[in-house]
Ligand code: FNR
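Let's start with one chain on its own, the form predicted on its own, as C-alpha cells.
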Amino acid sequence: MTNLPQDALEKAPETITGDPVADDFQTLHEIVAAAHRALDRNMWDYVAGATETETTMRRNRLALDRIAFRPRVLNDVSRIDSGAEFLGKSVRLPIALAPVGGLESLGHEGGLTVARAAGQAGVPFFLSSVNQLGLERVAAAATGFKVFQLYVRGGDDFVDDHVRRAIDAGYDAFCITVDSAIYSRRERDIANRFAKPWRGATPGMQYQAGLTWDQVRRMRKRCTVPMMLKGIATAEDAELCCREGIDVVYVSNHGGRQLDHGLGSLDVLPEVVQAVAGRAKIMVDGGVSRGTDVVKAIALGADAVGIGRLYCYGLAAAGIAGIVRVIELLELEVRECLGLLGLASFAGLDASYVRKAEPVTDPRVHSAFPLLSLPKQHY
C-alpha cells in the first residue's frame, strides 16, 4: 500500500507531479478561482469586466462557442507537435500574451514577471505602454520574443521617442492599438468607484483620438522592426493595413472593453483573412480561454492567438509559475485537440476541420469554465 497522503490518493496517480503549482492547478478553472481569491473586488472586476452591457465580450465567447469540429480518424497522431512560428521565430504554441495595462496592480512585479514567464514558457509577450516599470527595464528581463504596444499620448516627438526606445531596447516588433480613440465606460469600475492608479500618469488621450492613417504611414516609415495594428475589426481596415505595409493585422475588440455591441472577434476573422489574402500575418484575440479556442482560430486563418485575461489570472494566482502553468495547460489542451482531430501538428489544419453549430452554453466571460463556482455577479 502506498504511503501517499489521503488527499493525494484522491487524485488520479498520473496527476501527482511533486510540483506544488502543477498539483494545485490541474485545470485552468482552478487558476481562475485562485485569482479570484487573490484579487480584491476592484481588480477582479477590472480584469473580468467589459464596457457598458458587456455584449461585445459575450459575443467574443459566443463566436468561439458557435464553432464545432469535424475530426478525421485513422491518422498517425502518436507524436504531436504543437509548436509554431511567429514572425520568423519558433514558439512553443501559436499564442502570445496580449498587452494589458496596469499589470503591476495584479502583483508579482507586473510586466517584469510577465516578461520572465513568457521567456520561460517559450511564447511571445506584448508590453503595454500603460505600465509603470518602463519599457527598457522590462525588455532587460525578457529572454524571448517581445513586442512593445503603444497608446499614443503625445505628438510626433512622443511617438518617435517610443519607436526609437523600443527598437534600441531590443523589442522584436512594434504595435499600435487603434481601437481606443475614446475611452469606454466600463461600468463595473464605475459602479465600484474605482479610479485606476496607473491612469493618472498618462495624460494626452486626445492624441489617440486624433490618430489617423496618415500618422500610421509616418510611423511605418520610421519603424525598422515589424509593425502591427491592434484593433482591426473589418475587411476594409484590413485592406488599408496591407496598403500601408503593416506586417501583422491584429483582429481585436479589446476583449469587449471598448465598443459595446460589436461583433465577436472570431466572427470578424474570416472577412479579415479574405481581405489580407496572405499579404500580412494575422493575429486575433477575444474570449480565448481554452486550447480548443486556439485551434479554432488557427483553423479559420489566424497565424497567432492572443490571450489576455487568462494569463492575468495566472499572474494573480502564482506569479511566474502561474503564467507558465496557464501555458502548460493550454498546451495540453491544444495537443489533445489536434490529436483528436487527426492532426499531428498545425500543418494541414484549415477551415475544413470546423463548421458552424448551435452553442450549448450561455456566453459569459467565464462560461468556458463550467466547473468554476463563483458568485453570479463575479462572472
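One-based numbering along the sequence shown. Given the structure is predicted, the values throughout are model-derived calculations rather than measurements.
Omitted here: the form predicted together with the named molecule. The next part is about that form.
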Exercise for review: Can you work out whether the named molecule is within 4.5 angstroms of a heavy atom in all three of Phe25, Thr292 and Ala317 in the model of the complex?
Suggested key: no
Practice item. Work out which of the listed stretches, 233-241, 284-292, 159-167, 211-219, brings a heavy atom within 4.5 angstroms of the named molecule in the model of the complex. Key: 284-292
Revision key, fill the gap. Only hit among Leu93, Val100, Leu266, Val249 for heavy atom within 4.5 Å of the named molecule in the model of the complex is Val100
Study note, to complete from the structure: Contact with the named molecule in the model of the complex, heavy atom within 4.5 Å, among Arg257, His108, Arg116, Arg188 goes to Arg257
Review point. Is Ala63 close enough to the named molecule in the model of the complex to count, meaning some heavy atom within 4.5 Å?
Key: no
Review point. Can you check whether Gly262 is within 4.5 Å of the named molecule in the model of the complex, heavy atom basis?
Key: no
Exercise for review: Please check if Ser82 has a heavy atom lying within 4.5 Å of any heavy atom of the named molecule in the model of the complex.
Suggested key: no
Practice item. Classify Tyr46 as contacting or not contacting the named molecule in the model of the complex by the rule of any non-hydrogen atom within 4.5 angstroms, answering yes or no. Key: yes
Check your understanding: What residues in 113-130 sit within 4.5 Å of the named molecule in the model of the complex, counting heavy atoms only?
Key -> Ser128, Val130
